[in-house]
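Below are two forms of the same protein chain, given as structure tokens: structure 1, then structure 2.
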Structure 1
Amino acid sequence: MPKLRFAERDLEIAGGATVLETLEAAGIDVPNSCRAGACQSCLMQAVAGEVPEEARRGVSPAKRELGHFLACVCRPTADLEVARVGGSEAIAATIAAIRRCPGDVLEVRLRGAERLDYRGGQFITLLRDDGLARPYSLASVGGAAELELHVRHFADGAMSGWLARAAPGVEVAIRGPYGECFYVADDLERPLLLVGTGTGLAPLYGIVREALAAGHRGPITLLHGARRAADLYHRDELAALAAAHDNLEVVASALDATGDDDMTATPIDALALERAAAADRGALRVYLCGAPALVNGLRRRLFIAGVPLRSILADAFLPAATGGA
């Protein structure tokens, strides 16, 4: 009979029992509601072994890549190791470099976390040795030697204020990765629309470079917005990327753009809706990152405008989290 492994315990799976039933029989609580594979309350993550397709029906492509499945309809036919979604241990890392960019943004590079298996666009929690913790998105490409974070520096920010003064060589720890905002190479021809404000560029910068590295051929549009033109950072890096790839267009938007600074004053949400309307909405995949008002508002408007919900991947930076750090 197949075995189920969870939190270092081996459990017998009674004939035909689901993962949910097996865990419950062992006294392990798993959130659940419909118990029929529809509501996704019981989502778990496979660590090792095969999950029957039945238990992945309706699970988004990004979640599938992360091994997520529905425990209430998962009847394993072979040994399976599972975990709760998002659990992970802390990994030690070292600050390799910190660069000041426009818009009070710090580009932070971390070394020593090669063990971290991540995708550009996911996020990690950065932990200081006294336990202070803040989430940051990964602007680097999965597998790169150094992790790249973009940290908005606030004068009174506990973590960002500390990072602004931290010297290379300082030890930190990271936990993660988390999140589903990353490139999935399931169709190299589909149009991609990436929209971000402020340090919402960080995940997008990771995603766009992973897409290009994967040989994505469909048109990619990256919209980066800020209130003030002076706050748009990484403009040279993005221009170089666009120059090297015919299918990539980068548009910078700032409310005070004058028109002769290679930017537009059209608000970023209007640009995004315009681009989505012109694209093949069935194939389009959209990434939204940054201020919650923009991300959540735009997600809703794009969905109502006909973009499938599954095709909109969003990462809202909550103020207490990245924004206020």
Structure 2
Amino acid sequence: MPKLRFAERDLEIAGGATVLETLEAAGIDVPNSCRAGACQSCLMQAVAGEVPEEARRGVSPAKRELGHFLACVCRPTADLEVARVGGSEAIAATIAAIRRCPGDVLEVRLRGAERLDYRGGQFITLLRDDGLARPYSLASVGGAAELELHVRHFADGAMSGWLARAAPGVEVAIRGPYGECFYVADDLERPLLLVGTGTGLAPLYGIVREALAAGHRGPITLLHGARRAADLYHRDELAALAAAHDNLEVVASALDATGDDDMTATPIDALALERAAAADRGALRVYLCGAPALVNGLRRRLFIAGVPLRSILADAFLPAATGGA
């Protein structure tokens, strides 16, 4: 009889019961509604073991990559260890390095007390010892020894101002990872379009490097935009990446660009629509990151232009509710 492991408890799976039924029988509450695999309110994450395909039907490719499955229709035939989706304990970390980049952007590198299992493009919550917390996207790739964050420095920013003054060795904590905006290697020939403004480059930087490391062969276009040319950062790193991979094109866009600049003054949303129109929109996968107005507006316009909504992954950067960034 297979066993179900949850929160350091080993439970017997009796008579072909589902994961949901087994947990409920043990007095463990799991959100659920339809109990038929339709509403997805009972999503859980497989930590170890095999999940029957029936329990993954209708689950998005990104969620599948994270091990998510439907507990209400999952009938394990072998031992399975599961966890709640989104449940995350704080992990101790230290600031390894901070580098100031153009555009008042801080490249912050963290080293965790334990290795974080994540994908480039997801995000974490960074916590100070006084409880202040801010979400930041991961620009590093999964498996890297250090986590890389790109933080816009605001003079009155509660977290960013503190980070600008912090020294290597300062202790912090992190929670996560969260989010589904990351590379999925389901079709290595698929065209990819990545569009970001400001520090929206952070998740895209992680995503594009994971795609290239996975051997992605389809065309990859990364568009990075800003109001001012001076606010575009990591240009040398992106240029080196494009020079090393024939299928990667990087385009910088700034409204004040001149003919002498190695960039364009064409607005980034117009560039994105132009590139999408020239691609196979049925196969295209789009990643949008940055200001909410751009992300939400461009997602709608790309959908109207023929890109399926399921193929548009977005991460809108919302401002901190209180205390500044």
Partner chain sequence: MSTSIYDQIGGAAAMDAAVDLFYRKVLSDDRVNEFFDGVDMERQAAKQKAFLTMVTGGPNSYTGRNMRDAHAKLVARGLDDSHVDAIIELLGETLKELGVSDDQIKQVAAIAESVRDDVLSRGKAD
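We call the rigid core the largest set of C-alpha positions that still match within 1.5 Å between the two forms. Since this is a predicted model, take the numbers as computed values, not measurements. Residue numbering: sequential along structure 1, first residue numbered 1.
Compare the two displayed forms of this chain and pick out the form predicted on its own. Note: form predicted on its own is structure 2; the other is not.
R56: CA shift of at least 2 Å between structures 1 and 2 after core fit? Passes the 2 Å threshold, so yes.
Did L302 shift 2 Å or more between structures 1 and 2, C-alpha, core superposed: The answer is no; the displacement is under 2 Å.
Superposing on the rigid core, is the CA of P76 displaced by 2 Å or more between structures 1 and 2? Passes the 2 Å threshold, so yes.
Superpose the two forms on the rigid core and tell me the Cα shift of G16 between structures 1 and 2 in angstrom. Superposing on the rigid core gives a C-alpha shift of 8.0 Å for G16.
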